[in-house]
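What follows is one chain in structure tokens, specifically the form predicted alone.
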């Protein structure tokens, strides 16, 4: 039991249990259906990719507000470049573009000694502007051949009987969890967020760690955009708008401390499940969409308070 309490996704586990109990009491027949569970897990998988990247950045005591725009940019690049470079070529270019945005922002943060909130807020608007200019505000679709291309089918539809996004989420979460808890890089990442001065005194190159975290964050956001477009091959200029807020909320609900040095991959996934589930259930109950925004704000504040108290209870400085 003590081990469970000490786990960094403990708050998210409690949140998921409470959420399932409440939903079962108020809407059992509507919630526990195959269609509802399929839709929730599909959307959770997409948001989880963005939340996992956000969690890595938050663990280094930074934040990335541009992930929603990077998600949209990768999706737009994937579809609009496909006629010229083919599906595999456009996929690689889209991921390179996403990684470049992350690298550029990270370089500005660590070399310019600027707050990541300001740099990535600028990135959010700059990248969204590029999407508007690039698409001209119009909708783009995959060609019929691109929709049945093996690469498109590999990342869209189903794999081994499950939604492809869920399959790839399990793969990515397992790898990232392994990297975070069983490799020197994971230790360096948590040490960088916990105490930068202490980490540097032990030889950790914190600038490199932060750059890697930002690049991974953008890559995961870009990959989430590609997964979405493989399943629903149509772009629009608002693709990914406000996703950064959901990703930050999911990471914090999942146990990430905004003061850095604490968080988990599984917590980010559970946080995404909570965010998506409430959005879906509020819609199912016919509540106005504004209630969802209110919910995210309230739960975010509660999660921050809970995580700080839990961290202090376990003897961590926050």
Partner chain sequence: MKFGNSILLSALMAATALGGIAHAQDGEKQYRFVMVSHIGSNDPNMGWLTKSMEEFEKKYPNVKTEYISTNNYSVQEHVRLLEQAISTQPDGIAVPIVSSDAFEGPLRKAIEAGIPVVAFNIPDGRPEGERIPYLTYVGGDEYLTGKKLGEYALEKAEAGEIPKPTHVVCASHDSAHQGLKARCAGMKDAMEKAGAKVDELFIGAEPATARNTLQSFLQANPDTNYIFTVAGWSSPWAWGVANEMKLDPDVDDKGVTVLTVDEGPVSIEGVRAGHVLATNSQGFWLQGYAPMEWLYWNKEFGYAPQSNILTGPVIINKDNADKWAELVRGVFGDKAYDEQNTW
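This is a predicted model, so every value here is computed, not measured. Numbering follows the first chain given and starts at 1.
Although it is not shown, the form predicted together with the partner chain is what the next lines describe.
Colleague: If you check in the predicted bound form, is residue 87 within 4.5 Å of the partner chain, heavy atoms only?
Modeller: Judged by the heavy-atom cut-off of 4.5 Å, residue 87 is well away from the partner chain in the predicted bound form.
Colleague: Determine whether any heavy atom of residue 201 comes within 4.5 Å of a heavy atom of the partner chain in the predicted bound form, and answer yes or no.
Modeller: Answer no; every heavy atom of residue 201 is more than 4.5 Å from the partner chain in the predicted bound form.
Colleague: So, residue 140 and the partner chain: in the predicted bound form, are they within 4.5 Å at any heavy atom pair?
Modeller: Taking the distances in the predicted bound form, the answer for residue 140 is yes, it comes within 4.5 Å of the partner chain.
Colleague: Although the partner chain is absent from this view, report whether residue 279 comes within 4.5 Å of it in the predicted bound form, heavy atoms only.
Modeller: The answer is yes: residue 279 has a heavy atom within 4.5 Å of the partner chain.
Colleague: Go through 188, 196, 149, 236 and name the one with a heavy atom inside 4.5 Å of the partner chain in the predicted bound form.
Modeller: Comparing distances to the partner chain in the predicted bound form, the residue within 4.5 Å is 236.
Colleague: If contact means any heavy atom within 4.5 Å, which of 263-271, 38-46, 250-258, 54-62 contacts the partner chain in the predicted bound form?
Modeller: Single hit among the candidates: 38-46.
Colleague: Spell it out for me: taking the partner chain in the predicted bound form, does every residue among 102, 214 and 300 have a heavy atom no farther than 4.5 Å from it?
Modeller: No, none of 102, 214 and 300 comes within 4.5 Å of the partner chain in the predicted bound form.
Colleague: At a 4.5 angstroms cut-off on non-hydrogen atoms, which residues of 203-234 are near the partner chain in the predicted bound form? List them in order.
Modeller: The stretch touches the partner through 228, 231, 232, 234.
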